[in-house]
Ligand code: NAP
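Read the single chain below, which is given as structure tokens and is the form predicted alone.
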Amino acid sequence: MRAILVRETGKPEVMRIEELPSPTPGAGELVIDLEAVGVNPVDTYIRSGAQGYAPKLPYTPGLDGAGIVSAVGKGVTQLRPGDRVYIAGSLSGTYAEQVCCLEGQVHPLPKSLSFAQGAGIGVPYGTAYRALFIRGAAKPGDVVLVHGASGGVGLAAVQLAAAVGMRVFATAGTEEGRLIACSAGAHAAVDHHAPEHMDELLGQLGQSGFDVILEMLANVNLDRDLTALARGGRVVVVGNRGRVEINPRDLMGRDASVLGMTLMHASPEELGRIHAALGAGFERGVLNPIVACELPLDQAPKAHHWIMEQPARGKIVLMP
């Protein structure tokens, strides 16, 4: 099979396509023929070495994908060859024509979703759900701000929050991104490049502040976020690219909290609950992954440049 291989950490160009043996499932494992592969910012951090850890070299990148089950190992009971599935984590890496996964990493793909959409579920929707409902303890009726709402995690968060009756506000860096965020369920979206964008949001809000803020770039926004919280409000840090200075009195005066979040800390039981909830949302049509572009597998380096350097407007997907 063809697969992307990383033999050393570094720039996107360290990713090269090679021929590798097709995987064989062990007990409790499945092999999936991939039709689409999701590209996430965390893939770029791991590839560059910036995440602080990396799989044993050489490795195939990727956590998300969608395709058709081609083989199952002993003890697999919930899925069988021919099933359409999406993947949230793997044993062998998803930037490939085939991938080996544990049974708990593979979930039925609703008929209403394309394979490209299925490749945009695992990390974006899992992260958004855990950030909103588990770390942020958001509930129906809360007022939520989603920074960077035109990216994969941001759009998922907007859809999830709107689906359960939250009042959702958003920021995005382009007019197209703001329109996408509003179409996903945001009540209003503003330009996060504008110096007074937080004042504009609070003016539209018409109350003391946000109950929950999902922060995708904490090194830029966290200090201002703290001044925009309601009493008891929470900022959940989903993304960050540097250091930041804050005034702790902004937390003290509001009984507010700043919470870190990574999907990798979710327990198997937690992941089971997350994907059960997501599956119901996809089946009912209230959740809908948005694909920005599809690229051939051998253009993985271009995909990594785009996801870090271009304004987000949905999911970047590789097509094996």
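Numbers for residues come from their place in the sequence shown, where the first is 1. These figures come from a predicted structure and were not determined experimentally.
The next section is about a form of this same protein that is not shown, the form predicted in complex with this ligand.
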| query | finding |
| --- | --- |
| Stretch in contact in the model of the complex with this ligand, which is absent here, among 88 to 96, 68 to 76, 191 to 199, 137 to 145 (heavy atoms within 4.5 Å) | 191 to 199 |
| This ligand contact in the model of the complex: P311, any heavy atom under 4.5 Å | yes |
| 4.5 Å heavy atom contact, G173 to this ligand in the model of the complex | yes |
| Exercise: G152 in contact with this ligand in the model of the complex, heavy atom 4.5 Å | yes |
| This ligand contact in the model of the complex: L263, any heavy atom under 4.5 Å | yes |
| Residue among C101, I180, M216, V158 with a heavy atom within 4.5 Å of this ligand in the model of the complex | M216 |
| All of I32, F115 and L297 within 4.5 Å of this ligand in the model of the complex, heavy atom check | no |
| Contact set, 123 to 146 vs this ligand in the model of the complex - heavy atom within 4.5 angstroms | V123, T127 |
